[in-house]
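Just the one chain here, laid out as structure tokens, in the form predicted alone.
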Amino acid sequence: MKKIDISSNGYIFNDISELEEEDRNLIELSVIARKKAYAPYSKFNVGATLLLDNGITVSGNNQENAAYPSGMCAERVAIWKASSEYPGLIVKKIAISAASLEHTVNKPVGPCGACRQTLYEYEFNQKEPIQIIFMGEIGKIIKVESLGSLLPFSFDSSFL
């Protein structure tokens, strides 16, 4: 037996003003998308904005349903919208913003496990990393260079 260490590297920013302009714009677009979310049950709104390699941005937000499994996360709404409207384009970055109607979310909120797996499939297939930038409503922001760094021991089509 041999022990292995798995780690992720990223950057932490104190607030949006420390981001480069492109990243700041993506976060601002994710906040706009977040404010349009339909989350009457969880009262937890999430917005996500992708940057495609042609410069187009695509946003999505979480959409809930009284039949809980029928809802969808913002990240998957955005990536599937991008894939259906702009098939074959490379996703360069995704910015995510989350807020609660019940309390202030003051720490970064990364994608859930299902969203990580979905986003990773796109990263794997395009053979280029997708940078992830995520925040709560206020406070620090985290940026990682690749979705794969958030999903060690990932599953992909090479196993099928």
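All residue numbers are counted from 1 along the displayed sequence. These numbers were taken from a predicted model, which means no experiment stands behind them.
FYI, the form predicted in complex with a small molecule isn't displayed, but the following is about it.
The closest heavy atom approach of P129 to the small molecule in the predicted bound form falls outside 4.5 Å. In the predicted bound form, the small molecule sits within 4.5 Å of a heavy atom belonging to C112. Using a 4.5 angstroms limit between non-hydrogen atoms, V46 touches the small molecule in the predicted bound form.
Remark: S59 does not count among the residues lining the small molecule in the predicted bound form, judged by a heavy atom distance of 4.5 Å or less. For the small molecule in the predicted bound form, the listed stretch (22-30, 36-44, 100-108, 131-139) containing residues with heavy atoms inside 4.5 Å is 36-44.
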